[in-house]
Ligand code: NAD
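What follows is a single chain, given as C-alpha cells, in the form predicted on its own.
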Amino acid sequence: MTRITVAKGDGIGPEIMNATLEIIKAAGAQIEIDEIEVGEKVYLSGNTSGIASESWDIIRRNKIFLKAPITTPQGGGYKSLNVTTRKFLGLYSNVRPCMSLHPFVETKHPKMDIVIIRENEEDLYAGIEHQQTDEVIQCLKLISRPGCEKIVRYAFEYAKVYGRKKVTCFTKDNIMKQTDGLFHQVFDEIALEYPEIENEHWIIDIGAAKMADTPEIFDVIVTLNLYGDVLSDIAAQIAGSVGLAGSANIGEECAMFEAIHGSAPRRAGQNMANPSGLLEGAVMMLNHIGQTEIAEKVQNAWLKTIEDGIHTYDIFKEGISKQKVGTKEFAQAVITNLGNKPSILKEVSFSKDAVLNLPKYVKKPSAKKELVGVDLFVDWKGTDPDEIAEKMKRIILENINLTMITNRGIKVWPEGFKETFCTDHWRCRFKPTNGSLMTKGQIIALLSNAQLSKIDVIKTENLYEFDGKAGYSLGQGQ
C-alpha cells in the first residue's frame, strides 16, 4: 500500500480527479490518500504561494503527489504553484508522452508516438528578471552541468527501460554557445555510455518544424525547460488533443503527476471535462510506485474505451465517435473495460523490472579559473557609440583598456554600423593590455572612477577563463 498526496485543484479539477481516482481504485490500485487544498482558494486567502506549509509537510512525507489543474489568480504577485513545486521538491525531469490514437481521435499524424523529456528546474524558468534601464529588462538563462547531466541521463535511461530506440537533443547552441552549448556537450558525452541507443541533435527551430510536420521520425526528445514546455504542448495537440496528455515530474526523492492542461473554469461543474490527461498522469504514477500491473490494466481499458468510440465532447467527431459522454460516464466506461484490451490500438505492456538507473550527480574536478576582464553595463541615454566610448575611456586604469562596446549584444564600438539601433543599455568591456590577469581591486577601481565620472553602472559581469577556455561570449559581429 502506498500513501499518496492528492489535490483536487480548481475549475474542472475536482471532477477529473474524482473520475481518475474512481478508475484506478476500481482497477485495484493499492493507495491510501491524504487530500490537501491548493490553488485559488489558498491564493485568495492571502497566501501568495497557493499552498500552506502543512500541505508541504504532507507532500514531502508521502513523496508522491497527484495534482489536478489549479487556477492562479491574475496579478497580485501570485507565483505559479506548478513551477514552485517542481523547484522546491527538485523535480528535475518532466516526462510527457504524446501518442496518436488514430483512427479514433482525429490527427494528421497517425504514426506519432514520442516522449518529450524536459529539464524542469532551470533555464529561463529560474525567473530571475531585472529592469535595468527605462528601455531594457533582462531575464537570466541559467544552465548548470548537474542539471544537464541529470536530465540527459534520465532521457537515455527512460529510452533503455521502455524499449525506445533513439534519443534526440534539441538546443539553439548555434546562437547560445555557452548555455545551450553546455547542454549539447553533455548530451554528446552521455550518449557514448548508451551505444545501443541511436542519438542525434537538432537545432530547435528546424527540429520543432520537423516534429510538427513529421513527428514519426522522433522517439524520445530531450531538451531545455522553455523549449520543452512549448514543444510538449504542440506535440500533445498534433497527436489529437492537449486534453489527452499526462505529465510526470520526477526528482531524486519526490514525484508529482498531473495533466498538462489547465483548470478550464468555463467547463467546471458541467460534467463535460475529459479526465484522460489526469488519468494518464495517474498511470505514470502507478508505474513509478511499482504497481505496473494496475497501470497496464488502466491504460489498456482507457485505450479500449477510446477505441469503442466513447468520447467526451473535446474529441467527439461525427462519423468516428460512437457516443458522446460526460466526465462521469467516461469514467464508468473505462471501469467497465478493465481487464479488456484494445484490438486496433497498440496494447501496452509495462515491464515489472522498469527501474531507471539514476546515480546521484558527482561533482567534476574544478577547472583552473582565471579573471581576464570585466563587462560594465551602463545606463546612458545617448545614441552615439563614439560618444559613450570617450566617456568610458576616461575611467580606464594603467594596463586596463576599453576593448568593446555592445548594445543589446551587438558590437557598436569600435567600427560599428550607424544603421544599428541603440537603446539605453550599453555593455562596455575592459581587459588588461598586456595579456595579464585582472584583479578584483582593478574592477573596484573602475567602478570608483565611473562613480566619480557620474556614469550609471547598473551591473557588472566578470570575464573568466576556465582551463584557458573563454567562459564568456563575444559581441555579435566581433
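Each residue number is its position in the shown sequence, starting from 1. Predicted model, so just to flag it, every value in this text is computed and none were measured.
Missing here is the form predicted together with the ligand; even so, the following discussion is about that form.
- Though the ligand is absent from this view, in the model of the complex it lies within 4.5 Å of a heavy atom of just one residue from N287, Q332, T72, N300, which is T72.
- When the ligand is considered in the model of the complex, only one residue from R267, H102, K141, R164 comes within 4.5 Å through any heavy atom, namely R267.
- Contact annotation for G181: none of its heavy atoms lies within 4.5 Å of the ligand in the model of the complex.
- For the chain shown alone, R429 is not a contact residue for the ligand in the model of the complex, no non-hydrogen atom being within 4.5 angstroms.
- In the model of the complex, the ligand sits within 4.5 Å of a heavy atom belonging to A273.
- When contacts are judged by a 4.5 Å heavy atom cut-off, T406 does not count as touching the ligand in the model of the complex.
- The chain is drawn here without the ligand; in the model of the complex, the stretch among 148-156, 121-129, 375-383, 259-267 whose residues come within 4.5 Å of it by any heavy atom is 259-267.
- Contacts to the ligand in the model of the complex (heavy atom within 4.5 Å) from stretch 214-247: V242, G243.
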